[in-house]
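Given as structure tokens, the chain that follows is alone and in the form predicted alone.
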Amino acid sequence: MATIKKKALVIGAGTGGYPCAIRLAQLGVDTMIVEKDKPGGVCLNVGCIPSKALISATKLYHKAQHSASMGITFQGAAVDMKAMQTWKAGIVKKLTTGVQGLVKSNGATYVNGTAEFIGPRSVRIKYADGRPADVVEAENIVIATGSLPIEIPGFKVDQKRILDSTGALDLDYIPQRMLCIGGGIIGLELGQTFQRAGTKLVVLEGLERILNGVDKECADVVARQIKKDGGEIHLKAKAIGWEERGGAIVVKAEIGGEVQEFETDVVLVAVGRRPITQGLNIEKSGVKVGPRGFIPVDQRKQTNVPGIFAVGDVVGQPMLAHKASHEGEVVAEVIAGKKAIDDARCIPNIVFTEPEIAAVGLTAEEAEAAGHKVSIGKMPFAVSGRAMAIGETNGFVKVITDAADARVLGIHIVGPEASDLISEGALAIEMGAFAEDIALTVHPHPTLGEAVMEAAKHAIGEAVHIMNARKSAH
């Protein structure tokens, strides 16, 4: 067993780890990154990228089915899930291969294997190819191990009938019926993906609403769309078990004090994710782990042990790829000796439902709870020329401002291309912009982005294309 000395060791090559390793190498830091599975982590392999590929494909199919009002009809449009999975796999392979190439070309060492601590600065690497293990002694160690789907009692995942997000993304057929346990982001994104392809969708959500944590008005638009497309949503519902009956799955759920049964073909369990620290032998490092498995860190993303850092899902919410990447790059700067901290004012959140939801900053309720009197500007896509021209008028842009000075506190979008529109909102909050800054920025016409400008104008009583309410604080 050889001993390898490195300035930095990154454990995990997901969206937190690989940007960290690349940036470290760019800054001249001798770096090794170790990954037990495939480069790119959950996001590139079984998360963000493959899910968005399937979402985009089924959205195209769904739009083809509902384009008669535009004067276009299609004959024989069909979904071939096996072909779609092959296409999706090609995208994933291209991106993951690219990640490994970027790490190496920037000068970092990429290793396929598992890592476990044997001390605060020492990690044993067991190589995937079976060669003898080595010990890496590193001055700095970055834990970027990500997260896994949470399982619930009575629904052991077998990836055949009881699926988690990974299994759902690999389905090569369209089930007639799907029951989703959990009305959060992952469950609804995947549930609607198959619903658009013809699956009957039933959602069981334990809380009083779907998409908890998202602006309620935005979530309500998605709930209406699910029902319009033939789906069911049952709130305050607790799934308590299932049995096989006549070749079908019968799920039992407690709703309003009564047990109801739902017959389905597959069950998607999507109740959240948990951090991965198991198998790291993390206690040998001295790093403290919180009661829910998350690793506490400071603004430099350093743990309680000097020189050991953690980034991404393993440090807690929000569990988002772009948050992980930002944290990874911050840590690289810190290790390289730069005066860097994670001082991002906001992290945008995107939900690729139908329609899309994107949000950044505070909701009106959160702003009021923080002591602000708020003014709200709103622009519906129903009166947007561009939205009409592409046949997607469902939804709106909502701008939350401080009534005292019109500073932008939050922007919430539900509707077409919300995911691409929200970056303007993130920039506005990051730079401390006022509604006037957005309103006085000339937006090109005809675009969906004009709705952001119009909503900002509406917040200060200057909208042109919708009536301004009498300006008042809420």
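On a predicted model such as this, the values are computed, not experimentally measured, just so you know. Numbers follow the displayed sequence, beginning with 1.
Keep in mind that the form predicted together with a small molecule is missing from the display, and what follows is about it.
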Subject >> Contact at 382, 433 and 451 by the small molecule in the predicted complex, all three, heavy atom at most 4.5 Å >> reply: no
Original post:
Going by heavy atoms within 4.5 Å, which of 134-142, 257-265, 106-114, 182-190 lines up against the small molecule in the predicted complex?
Top reply: 182-190
**OP:** Mark residue 273 yes when one of its heavy atoms lies within 4.5 Å of a heavy atom of the small molecule in the predicted complex, and no otherwise.
**Re:** yes
Original post:
Heavy atom to heavy atom, is residue 152 within 4.5 Å of the small molecule in the predicted complex?
Top reply: yes
**OP:** Classify residue 238 as contacting or not contacting the small molecule in the predicted complex by the rule of any non-hydrogen atom within 4.5 angstroms, answering yes or no.
**Re:** yes
Subject >> residue 407 within 4.5 Å of the small molecule in the predicted complex, heavy atoms >> reply: no
**OP:** Identify, from the list 206, 120, 98, 198, the residue with a heavy atom within 4.5 Å of the small molecule in the predicted complex.
**Re:** 206
**OP:** Report the residue, out of 443, 52, 36, 63, that has at least one non-hydrogen atom within 4.5 angstroms of the small molecule in the predicted complex.
**Re:** 52
